[in-house]
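One chain is shown next in structure tokens, namely the form predicted alone.
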């Protein structure tokens, strides 16, 4: 059972998230923190479950955003999907139990035997690398998940990218899923240099990495301290049989591909939680930004059996770190009118930095409990 107010709120959230997604994915100029975006998306997801209605343009049904028109495009051999998000231990347990049910195993049998490949969730820009006969061929952004921007010339300038594989069992064709990041120390130095030149600085290392990759002139990209780290596989023509996610990562490393560090095989959900807590404690000491960890079912046969939902795999999930919390002062509350006439209160505040983004307004999610006299 749904109310007109719930449908109107879904429309408001859809519009907000679409605008925020465009600024994040296409413009590399986010105006809200990752935590606030996740909160809005979670609210929309819950509303869709409660009402049973999903608007055609809902961001819950999309991956990334449309490629920018200024770039040529490349169609991915296998879609680049996003991951489902877990924010609490209960969320992780539910993910684990749903996976057990999907492969028709008892929760007990699953917990006693399942091994996860746990890894860092890098906070950069997702890239799909294509190699043909072991030679680097092309690179594309995630785009809308099916088609991405052709950034081959830009990615080719990244110094730790191998142009040619070395070793054995090299595939005829393979897509490598990777992330382009900027290390914290290099980011600070780069921003200091930009400031000295009187040029615009970047709010976060993620924005800097994404903005650098989307430069039309590869010479500009080549002057940015980019690093590429690999973590997954897309479409491929690889004759070697591999049984586990960890086997794939070992093969990548043997060819000379730079791999994301700190990956570990863990037993069951308890091992996942232990890994999460350990990485959370060490987060600030890592040389690059992360916003959580990722759990992947290690066995490839189980990955295939679990399969995919509309835009995320059932065999993997991201366990996000808690959102940053800061204090500021509300200076006023405005009412925004949506396309359908729905009213959304927005708090105007003294500017405050949250997750590297300077924010001066916040959508009020609990608007129904606000004192009505505020709006007289």
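Positions refer to the first chain, counted from 1. It should be emphasised that the depicted structure is a prediction, and the values quoted were computed from it without experimental measurement.
Not on display, but discussed next: the form predicted in complex with 2-(butylsulfanyl)adenosine (IVH).
Could you tell me if residue 82 has a non-hydrogen atom within 4.5 Å of 2-(butylsulfanyl)adenosine (IVH) in the predicted bound form? Answer yes; at least one heavy atom of residue 82 falls within 4.5 Å of 2-(butylsulfanyl)adenosine (IVH) in the predicted bound form.
Considering non-hydrogen atoms and a 4.5 Å limit, does 2-(butylsulfanyl)adenosine (IVH) approach residue 345 in the predicted bound form? Residue 345: no contact with 2-(butylsulfanyl)adenosine (IVH) in the predicted bound form.
Would residue 315 count as a contact of 2-(butylsulfanyl)adenosine (IVH) in the predicted bound form, using a 4.5 angstroms cut-off between non-hydrogen atoms? Heavy-atom contact with 2-(butylsulfanyl)adenosine (IVH) at 4.5 Å: present for residue 315.
Under a 4.5 Å heavy atom criterion, is residue 122 part of the interface with 2-(butylsulfanyl)adenosine (IVH) in the predicted bound form? Residue 122: yes, in contact with 2-(butylsulfanyl)adenosine (IVH) in the predicted bound form.
Find the only residue in 226, 249, 86, 126 having a heavy atom within 4.5 Å of 2-(butylsulfanyl)adenosine (IVH) in the predicted bound form. When 2-(butylsulfanyl)adenosine (IVH) is considered in the predicted bound form, the option within 4.5 Å is 126.
Taking 2-(butylsulfanyl)adenosine (IVH) in the predicted bound form as the reference, which of 96, 149, 175, 179 has a non-hydrogen atom within 4.5 Å? Contact check passes for 179.
Where, among 153-161, 218-226, 290-298, 195-203, do residues come within 4.5 Å of 2-(butylsulfanyl)adenosine (IVH) in the predicted bound form by heavy atom distance? So the stretch in question is 290-298.
Relative to 2-(butylsulfanyl)adenosine (IVH) in the predicted bound form, which residues of 203-236 have a heavy atom no more than 4.5 Å away? Just 231.
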